[in-house]
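One chain follows as structure tokens, the form predicted on its own.
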């Protein structure tokens, strides 16, 4: 299978990881001292999907691959109990992540359908 299948698979996995982190934040909205976390999605996406091609020597690093991808603690101000989870922010992140996940799944199913069509001909 082509790179597109691997790329979409990685995007779906990355969305799943981020979903778990956001769900953990929501579950701990009332836990004193809990700090919200997030997956730095852009970095994860770059690491998971892009092997960049150099068109000029100064464009990208020596490895030719974007680096990154980690779960970071959010640096928002905390409430009186040390918890810094904002439910509306987490719900917005969850919605954004769900849209990304659904887009990747739709693209993957479309590519599978196109692959099957090509095999039948």
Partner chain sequence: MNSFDVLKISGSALEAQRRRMNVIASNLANAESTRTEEGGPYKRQDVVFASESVGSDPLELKGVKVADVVPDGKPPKTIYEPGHPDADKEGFVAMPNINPIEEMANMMMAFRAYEASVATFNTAKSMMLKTLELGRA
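Residue numbers count along the first chain shown, from 1. The structure presented is a predicted model; accordingly, all values stated were derived computationally and were not measured.
Below: the form predicted together with its partner chain, not depicted.
Q: Can any non-hydrogen atom of residue 92 be found within 4.5 angstroms of its partner chain in the predicted complex?
A: Result no; residue 92 lies far from its partner chain in the predicted complex.
Q: In the predicted complex, is there a heavy atom of its partner chain that lies within 4.5 Å of any heavy atom of residue 31, even though the partner is absent here?
A: Heavy-atom contact with its partner chain at 4.5 Å: present for residue 31.
Q: Heavy atom to heavy atom, is residue 27 within 4.5 Å of its partner chain in the predicted complex?
A: Residue 27 belongs to the contact set for its partner chain.
Q: I'd like to know if residue 6 sits close to its partner chain in the predicted complex, meaning any non-hydrogen atom pair within 4.5 angstroms.
A: The answer is no: residue 6 has no heavy atom within 4.5 Å of its partner chain.
Q: Which residues within 9-30 place at least one heavy atom within 4.5 Å of its partner chain in the predicted complex?
A: Read in sequence order, the residues that approach its partner chain (within 4.5 Å, in the predicted complex) are 12, 15, 16, 17, 19, 20, 21, 23, 24, 26, 27, 28, 29, 30.
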